[in-house]
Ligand code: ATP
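Take a look at this single chain in structure tokens; it is the form predicted alone.
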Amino acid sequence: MKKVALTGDRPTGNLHLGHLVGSLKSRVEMQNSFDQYIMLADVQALTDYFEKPQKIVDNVLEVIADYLAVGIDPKLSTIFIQSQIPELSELTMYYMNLVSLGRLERNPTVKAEIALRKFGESVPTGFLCYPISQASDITAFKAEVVPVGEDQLPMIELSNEIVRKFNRIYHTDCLKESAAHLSKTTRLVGIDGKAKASKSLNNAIFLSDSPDIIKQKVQAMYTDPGHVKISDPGTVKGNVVFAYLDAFYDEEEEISLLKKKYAQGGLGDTTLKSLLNDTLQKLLQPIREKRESLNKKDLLQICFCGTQKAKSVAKKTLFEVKSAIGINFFDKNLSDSN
């Protein structure tokens, strides 16, 4: 039996190079050795985009197109939409009884996201509680492995706390703890050099960007403002062009030599950006072409089939949870096949 892995994205916009190095590549690799579920977390996206629901709706198929374009195979990975599986919301309700308000407020990931979105004292309750929703997603599929970045480790910790508390209180072992699978790649910096590459900050190169847009974004990348002349010594640390070359250019030794030459003086930003542009154009062209070959009808069918499969799994877990609590009043004879 393959181990179960669960991962996903909030469909708030097209995916970008940060997603490619941070999660998409590993998902393509993992689908051959794991029973992998990939979730379009539209319910969680609505916790801070509740006033712009069409943005979420429009981006669901865009994200699925990105998945398929980079090599995620719907025959190997189950792609599903969170909002179409009400069992996940019901599980969230039961788990909310097991987590205190203070525990949610202390969650460092939630605190950082609240600060980023500048909610202040007006934090939507749904947003504050989304770690509980994530626990529902993880446990519904009994995921043993959850690929995340380091900033998401508190989410896995809270999910496992819920599992242990639920199993202890209701004298069961129906819920399973999960382990984080950390990305091998560090977070990709935004092209402005100020933060991580992000959809919301609009400082990323998207998988669907045209050649001209890619070139424009590379030209706009932050380098070293003190590196005015080619002969001037340049700073490598914090230089976005080098960060992207480290992530996407295959020849490590060549990059090392370029860094040394740049630091000593004698290498211009234009030369570096030209190399990076060529590298990214070569990387993204087949992804873009695959993406453009997809049609809405096929994407919807893939998502429908995946969601039906995921729903059947979540339904079984919900039955076990309600049975453990003792509230399966009308479903006591529900068979495993249902």
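Just so it is clear, the model here is predicted, and its values are computed rather than measured. Here the rigid core means the biggest group of C-alpha atoms that line up within 1.5 Å when the two forms are laid on top of each other. Just count from 1 along the sequence shown to find any residue number.
This protein has a second form, the form predicted together with the ligand, left out of what is shown; the following refers to that one.
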- Note on the structure: Only one of 194-202, 97-105, 253-261, 135-143 sits within 4.5 Å of the ligand in the predicted bound form by heavy atom distance, namely 194-202
- Item | Listed residue that, although the ligand is not shown, lies within 4.5 Å of it in the predicted bound form (heavy atoms), from 267, 155, 188, 163 | 188
- Task: Counting non-hydrogen atoms within 4.5 angstroms of the ligand in the predicted bound form, say which of 173, 212, 73, 151 makes the cut.
- Result: 151
- Thinking of 217, 281 and 291 as one candidate spot, does the ligand come within 4.5 Å of a heavy atom in every one of them in the predicted bound form? no
- Message: Contact with the ligand in the predicted bound form for residue 117, defined as at least one heavy atom pair within 4.5 Å: yes or no?
- Response: yes
- Message: With the partner left out here, check for me: in the predicted bound form, does some heavy atom of residue 12 sit within 4.5 Å of the ligand?
- Response: yes
- in the predicted bound form, residue 23 touching the ligand (heavy atom, 4.5 Å): yes
- Message: Once the core is aligned, does residue 212 move its Cα by at least 2 Å between the shown form and the other one?
- Response: no
- Task: Taking the rigid core as the superposition reference, indicate whether the CA of residue 149 shifts 2 angstroms or more between the shown form and the other one.
- Result: yes
